[in-house]
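First comes one chain, alone, set out as structure tokens in the form predicted alone.
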Amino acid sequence: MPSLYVHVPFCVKKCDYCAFYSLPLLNSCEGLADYLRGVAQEIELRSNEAPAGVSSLYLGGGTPTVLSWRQLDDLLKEIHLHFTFLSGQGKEGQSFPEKTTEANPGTITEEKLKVLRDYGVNRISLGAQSFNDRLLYQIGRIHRAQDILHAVKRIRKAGIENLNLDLIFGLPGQTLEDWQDTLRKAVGLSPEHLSVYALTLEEDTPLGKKYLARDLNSFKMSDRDEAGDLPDDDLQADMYEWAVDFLSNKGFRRYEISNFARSGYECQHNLAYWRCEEYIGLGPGAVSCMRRVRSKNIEDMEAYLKDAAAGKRPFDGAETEFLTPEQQMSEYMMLGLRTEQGIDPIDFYHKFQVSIQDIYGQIMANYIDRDVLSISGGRLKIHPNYSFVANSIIKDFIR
């Protein structure tokens, strides 16, 4: 059974570091009604791709909670009208199927939370990013630390018992002490899950243009001086390693390089991605991977709506990829090595009908000899000491 992702490409304001397809509302709800009509048409068109149902739901963005409570109700009604969901029993009181929505502080109301609960949404991923108002302002976030506290209080009052907080380190001008303070305050809110990401700069974002400019004279240095320099690699490594130790001591298990959870609260939707399972993506810019074909919906609202209205799958033909066995093996290794469980050589053989030693034996031997990789419990894993530089290791397994 595939997992289901629905992209809601609207934000109150686009953040300065964000490279995802999203559209700023700019205090206007224009376009939301057209989007809801278009995504409803795509939902109806593509529901037959999951005849046995779907295993999880994830509303992402953008910011799904910029929708009004009535619009959330309309969207969730369409989803549940056309898709059935796998049910099951979770550990430690976690309810299934897992249904998640992303949210930002300031866009959560009691009415919206009631609608979410009515449709079984049991997990909220809140974009906190930092508890430092200065840093939030410098990366273009419109909320402040106090807004996070208010949002969490509303979420808990509504009965949501599975809360994730997204946090970013490596921000311009951020010190180790800033980061430690953010983590302490985040843990103080008793979330079940924390996602801890290093800042990634993309060239087409305002923050990327500021810090990746080839010609440093092409922008005002005063703008950069105000924000401060980016933490260097050593400082970012210190930030990450401190987070790992601190969160471990607070009862959070690192089950993927950037993700930490209390027992039983690992994100099932994301685990499906990391296990290379199938998924359906709906909405403009959403990605699907079904029957070894990865495709992406068109990142253009007008074109998306036109295709959906015509009963056509609104995908970008240039973004369709038929995955070769070599690509599938590379992705299996790339994603699996990011997780705490690592790679099971027996599962690799069953999946690809070839021994992992035949494909990656020499690379594995080189890293095992240097204690970078290990075989533990019959599984191939990256040694925890090398988690922060995992990407440089994983690239050697991409064919």
Partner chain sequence: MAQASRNIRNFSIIAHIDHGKSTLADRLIEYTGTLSTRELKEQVLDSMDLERERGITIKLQAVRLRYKAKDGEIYELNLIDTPGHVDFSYEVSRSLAACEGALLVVDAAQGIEAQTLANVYLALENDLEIIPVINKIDLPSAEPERVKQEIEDVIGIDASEAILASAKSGLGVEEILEAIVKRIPPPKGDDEKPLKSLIFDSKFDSYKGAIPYIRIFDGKLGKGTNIKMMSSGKVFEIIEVGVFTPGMTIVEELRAGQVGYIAGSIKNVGDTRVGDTVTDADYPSSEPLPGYRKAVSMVFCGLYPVETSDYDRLKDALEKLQLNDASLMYENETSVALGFGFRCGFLGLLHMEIIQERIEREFGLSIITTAPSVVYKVNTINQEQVLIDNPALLPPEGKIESIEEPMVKATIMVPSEYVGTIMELNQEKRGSFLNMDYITASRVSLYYELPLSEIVYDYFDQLKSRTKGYASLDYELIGYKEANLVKLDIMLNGEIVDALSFIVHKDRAYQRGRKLVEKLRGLIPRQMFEIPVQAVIGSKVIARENIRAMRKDVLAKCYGGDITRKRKLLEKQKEGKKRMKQVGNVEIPQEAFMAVLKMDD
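Positions refer to the first chain, counted from 1. Just so it is clear, the structure is predicted and the values come from calculations on it, not from any experiment.
One more form of this protein, predicted in complex with its partner chain, exists but is not displayed; see below.
Screening 133, 321, 111, 245 for any heavy atom within 4.5 Å of its partner chain in the model of the complex leaves a single hit, 321. Contact annotation: of the candidates 236, 107, 175, 138, the single residue with a non-hydrogen atom within 4.5 angstroms of its partner chain in the model of the complex is 236. Using a 4.5 angstroms limit between non-hydrogen atoms, residue 37 is distant from its partner chain in the model of the complex. Interface residue remark: residue 294 is counted as part of the site for its partner chain in the model of the complex, having a heavy atom within 4.5 Å. When its partner chain is considered in the model of the complex, residue 200 lines it closely, a heavy atom lying within 4.5 Å. In the model of the complex, none of the heavy atoms of residue 362 sits within 4.5 Å of a heavy atom of its partner chain.
Heavy atoms within 4.5 Å of its partner chain in the model of the complex map, among the stretches 177-185, 256-264, 147-155, 74-82, onto 256-264 alone.
Judged against its partner chain in the model of the complex with a 4.5 angstroms heavy atom cut-off, the residues 25, 67 and 160 are out of contact without exception. Within 4.5 angstroms of its partner chain in the model of the complex, the stretch 354-390 places a non-hydrogen atom from each of 366, 367, 370, 372, 386, 387, 388, 389, 390, taken in sequence order.
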